[in-house]
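Just one chain follows, in the form predicted on its own, and it is written as C-alpha cells.
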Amino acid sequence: MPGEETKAADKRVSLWAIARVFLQVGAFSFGGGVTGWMHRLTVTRLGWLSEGQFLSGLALGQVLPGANVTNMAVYIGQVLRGSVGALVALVCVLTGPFFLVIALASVYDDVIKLPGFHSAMDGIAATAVGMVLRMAFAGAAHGCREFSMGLMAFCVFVAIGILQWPLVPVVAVLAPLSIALAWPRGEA
C-alpha cells in the first residue's frame, strides 16, 4: 500500500535503538527463526517497517549471497538510518554470536552432558519452526492477494517442497512467468 511505506519511514529511529534490537537478536538467536524474530520486532512490535518493506528486504536478502540474518540486518539498518544504520545493525547482530561462540566452544564438552540440554535444544528448534511458519503465513497473506500470485506460490511449493525439483530450473521457469503475470497492463 502506498501510504504504508511512508508511515513507517516518517519515524526516525535512533542508532542506539537499532543497536539494542540487533544486539538482542544476535545474542539470543539460535539457528532458524531469526528472520521471524526480526519481523516480530521491527514490524509487529516496534512498527519500524511496514509489512511490504520487510518482505521486500527478505526477498532481497534471500537472493543475495551471505546469511539471511546479516543481509536483513543491513537492509533494515539501511532503511531506518542509511549507511550508518546498516553498519550499526550489522556489527551489533554479529557481536553477540562472536563472543558467545567463543565462550561456548570452551565449555562445549561439559554443556552437552547437562541433563535436559538436548530437550532444551528441541524446544528451541520447535519455537524457531513456529516463528518461520508465522512469518510464512504473514508473507503469503501479503503477497498472494491476486490469483496469479497465489498460483505461482503454490507452483513453487509443489515443485520444490513436494516434488523436490532443483531450485535453479524451477526459478528459471517460474520467475519469468511470475513477472509476466504481475506486469502492470494499461487499460484497454
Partner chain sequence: MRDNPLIGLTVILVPFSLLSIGGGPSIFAPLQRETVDVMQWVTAREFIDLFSIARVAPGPGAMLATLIGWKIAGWLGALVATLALFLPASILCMVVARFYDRYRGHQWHTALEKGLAPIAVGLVMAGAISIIRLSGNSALVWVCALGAGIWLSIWRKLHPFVVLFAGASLFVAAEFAGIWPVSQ
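Predicted model only: the values in this text are computed from it and were never measured. Residue numbers count along the first chain shown, from 1. Rigid core here is just the name for the largest C-alpha set that superposes within 1.5 Å across the two forms.
This next part talks about the form predicted in complex with the partner chain, which is not shown.
The partner chain is not shown here, and in the predicted complex it never comes within 4.5 Å of any heavy atom of residue 47. Under a 4.5 angstroms non-hydrogen atom cutoff, the partner chain in the predicted complex lacks residue 17 among its neighbouring residues. In the predicted complex, residue 174 approaches the partner chain with a heavy atom inside 4.5 Å. Taking non-hydrogen atoms only, residue 92 never approaches the partner chain to within 4.5 angstroms in the predicted complex. Residues of 72 to 96 placing a heavy atom within 4.5 Å of the partner chain in the predicted complex, in sequence order: 74, 75, 78, 79, 83, 86, 87, 90, 94. Annotation for residue 170: C-alpha shift of 2 angstroms or more between the shown form and the other one, rigid core superposed. In the core-superposed comparison between the shown form and the other one, the C-alpha atom of residue 17 has shifted by less than 2 angstroms.
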